[in-house]
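What follows is a single chain, given as structure tokens, in the form predicted on its own.
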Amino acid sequence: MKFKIKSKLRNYNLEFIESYKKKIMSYNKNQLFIIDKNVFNLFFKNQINIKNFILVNSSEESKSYLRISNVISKILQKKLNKKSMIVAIGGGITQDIVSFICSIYFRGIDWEFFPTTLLAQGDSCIGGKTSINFGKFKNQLGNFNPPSKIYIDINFLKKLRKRDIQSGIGEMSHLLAVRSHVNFSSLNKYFAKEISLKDLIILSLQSKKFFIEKDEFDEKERKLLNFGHTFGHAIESATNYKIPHGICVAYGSLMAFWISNRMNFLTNKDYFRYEKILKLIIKNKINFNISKFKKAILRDKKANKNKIGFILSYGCGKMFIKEMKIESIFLNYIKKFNHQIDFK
């Protein structure tokens, strides 16, 4: 399956392929690949003869500004020119590193992407955002630089741990919820084994495609894709990043639905229907430090003094921005959510 994503920066193509090996061997011998080290050891070492490559680690430290300078130094030794192209193979961290470097190298060179994680295949591979860390500050640097082509091979997913698959589904769940009730309900079909993981990925990417083509640079409609993320990122921070990102996003979506219900924006019927779906992903209650959670919310890029625009919902496909005082959210909702949410 193929589809084109319309972009003001660069229209680009996404294609589902059956064999990453066949596609990679079709590149010329001098092609530079930047590959996640774990992916290289699992899928390429002693299997595919690639001579021109650079390995990167899939850790948050690897996408720090200083660590990225080391990758740039290695690229400089390869003597690329403005017409050169880099092929990235890995998950979201590899994507961030390569996208950022290619946006500034010779003021911009071309790149293509083979996403190898479910988080990357079902969400981050399209949209063009890059996020780079600086010192202790996460995702503070970045820009928009989509690849010219994306090749998705679900065979990469066969080596992922179960928790990584659950995390990827958790990330996709927020895209499905923001797009429509029909798309969000497809999660029920997936867990009932009525549709495949590939079907779910396609639905997720089509959901995101709708928003990025309407608002590529996060000025209006695309902001709604932050649904679940303001709370989810804070949960990650409050649990010292011990919970996978996508699970935190699903939990943050549950929290946003719960608050929407308590504020009478969302009916009880819809809330319990959505809760049941999200609990298929989350499985267990997440206990987090309220004080750390609050500090993380205050550090959020969307925070303006003591207010923040939270993404709430009238129902799937009907998200909206509600600006509220952070103290009000904590006193009236977060503490109650922590006590009342039940996973029995």
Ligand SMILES: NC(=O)c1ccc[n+]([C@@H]2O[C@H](COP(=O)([O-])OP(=O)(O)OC[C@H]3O[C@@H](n4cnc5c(N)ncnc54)[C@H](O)[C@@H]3O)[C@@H](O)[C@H]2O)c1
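Because the structure is predicted, anything quoted here is derived from the model rather than measured. In this text, residue numbers run from 1 along the sequence as written.
Quick note: we don't show the form predicted together with the named molecule, though the next part is all about it.
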query	finding
is_contact(residue 164, the named molecule) in the predicted bound form, heavy atom dist at most 4.5 Å	yes
Non-hydrogen atom contact residue 209 with the named molecule in the predicted bound form at 4.5 angstroms	no
Residue contact check: residue 42 to the named molecule in the predicted bound form, 4.5 Å heavy atom	yes
4.5 Å heavy atom contact, residue 100 to the named molecule in the predicted bound form	no
Triplet 254, 270 and 279 all within 4.5 Å of the named molecule in the predicted bound form via a heavy atom	no
In the predicted bound form, the residue from 247, 200, 93, 87 that sits within 4.5 Å of the named molecule by heavy atoms	93
Residue among 214, 189, 82, 159 with a heavy atom within 4.5 Å of the named molecule in the predicted bound form	159
Region of this chain that lies against the named molecule in the predicted bound form, out of 64-72, 42-50, 306-314, 24-32 [heavy atom, 4.5 Å]	42-50
